[in-house]
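A single chain, nothing else alongside it, follows as structure tokens in the form predicted on its own.
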Amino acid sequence: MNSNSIRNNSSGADKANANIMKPSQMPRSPMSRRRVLALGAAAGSLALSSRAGAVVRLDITQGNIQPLPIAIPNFIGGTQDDDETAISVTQVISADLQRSGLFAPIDPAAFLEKIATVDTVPNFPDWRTINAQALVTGRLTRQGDGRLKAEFRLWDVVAGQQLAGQQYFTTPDNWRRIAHIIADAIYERITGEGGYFDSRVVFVDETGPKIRRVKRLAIMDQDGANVRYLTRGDELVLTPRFSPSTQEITYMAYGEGDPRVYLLNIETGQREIVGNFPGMSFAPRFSPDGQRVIMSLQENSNSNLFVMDLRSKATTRLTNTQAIDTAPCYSPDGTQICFESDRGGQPQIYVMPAVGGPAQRISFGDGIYSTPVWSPSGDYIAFTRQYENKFAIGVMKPDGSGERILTEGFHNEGPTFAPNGRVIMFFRDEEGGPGPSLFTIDIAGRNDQKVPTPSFASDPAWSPLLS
């Protein structure tokens, strides 16, 4: 699906509102800072005023977050076919927001006002009566050229003000992306953080008995919809990685000989061999500009870190130790890398300049630390930690402070960040279970939930935002 196939008819929030407002409607009023629901990092807080002059604050470090009550009536359609699509769009928006753990969509059976048009101001007392603090209204109509026009408006029910309103044009088969984009706009306007719903996840689909697993590369929307297979299953595939700048991935494949690393363009299906790398156990990761990949290559009993320029295929050595240095990942600004190394006696996480140089150890807890990955927002490094016969997913700051275990159990591994850095996806195997599944959890350790996939699934990698 072409990420440029959806067109927002506005270049800014005020222009967007002007496009869907009638002359008789009230102008958009910006929400004051104290009325903004702000999602901070683990040390931050969530706040939304419940009435003028009063602020309700929810400390997400305590795990006692109260999701925001939001009303999302079915979008209005222009025809019977449009009505069906409009209902589906509404359901996807509601599901996206609910899964985030920050919103509590209100049961439509409680609604007092029936929204018949998006062109008039809602009857706010009716929505306050059912404790809605935010309201979303929307409309889908088919244009003369066959395109779908989607409009929405977000209302602050307590203040009686419009917070946002935009319209988009796209082909009818893109209705699900429209829903994710609208959910992102709502999330961003209310939380002050970027959304993550209009994104995809590449993963390893696993079928068959444990001793003869068929592993195929697959891609899906972040909510588990629109699964598409990228490889046939005739070779073992491992550790896909998304480019931060293009719709390309790297992955490892074991065919008849040594493991090969491939570059795959998701849109065109074009595949290119990066090279044969004996002893490699993880696929490379991209640099932030997508022009280089960083990898670990084995030499005898040790392994070191190298950078490869994807245009020239020239490689540059970054480490030269007798240890095993592996699983490198760039910081979002490209100036540093984190990686796993046993140079201190057992695998721990280190940080060093991206061009090479002295490395600083940042993990000091009991057990083994592995699979480090830097948050897109730069504030955390996620990792897998093995201790006391458990596998845990955790986060720490790039200097090693603030370590926090988010979830632990028999086997949890392979963290990957959502584009906004506030949600982590990973795979989990239960003891004695039939196979691995994908799960998400937020960086405060809340909202642990399973992601639906057709079969067993492992090694997820989250894409950047599509739009």
Partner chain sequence: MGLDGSNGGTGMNGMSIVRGAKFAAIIVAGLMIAGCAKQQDTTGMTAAAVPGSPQDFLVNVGDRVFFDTDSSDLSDQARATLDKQSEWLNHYNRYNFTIEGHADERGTREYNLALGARRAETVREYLVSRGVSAQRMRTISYGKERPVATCDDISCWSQNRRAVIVLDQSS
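Just so it is clear, the structure is predicted and the values come from calculations on it, not from any experiment. Residue numbers count along the first chain shown, from 1.
FYI, the form predicted in complex with its partner chain isn't displayed, but the following is about it.
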| property | result |
| --- | --- |
| Partner contact for residue 417 in the predicted bound form: its partner chain, 4.5 angstroms, heavy atom | no |
| Non-hydrogen atom contact residue 254 with its partner chain in the predicted bound form at 4.5 angstroms | yes |
| Residue 145 within 4.5 Å of its partner chain in the predicted bound form, heavy atoms | no |
| is_contact(residue 317, its partner chain) in the predicted bound form, heavy atom dist at most 4.5 Å | no |
| Listed range touching its partner chain, judged in the predicted bound form by heavy atoms within 4.5 Å, from 265-273, 181-189, 374-382, 322-330 | 322-330 |
| Answer option from 124, 169, 175, 282, heavy atom within 4.5 Å of its partner chain in the predicted bound form | 282 |
| Selected contact from 340, 96, 156, 198, since only one has a non-hydrogen atom within 4.5 angstroms of its partner chain in the predicted bound form | 340 |
| Full three-residue contact with its partner chain in the predicted bound form, heavy atom 4.5 Å, for 368, 411 and 430 | yes |
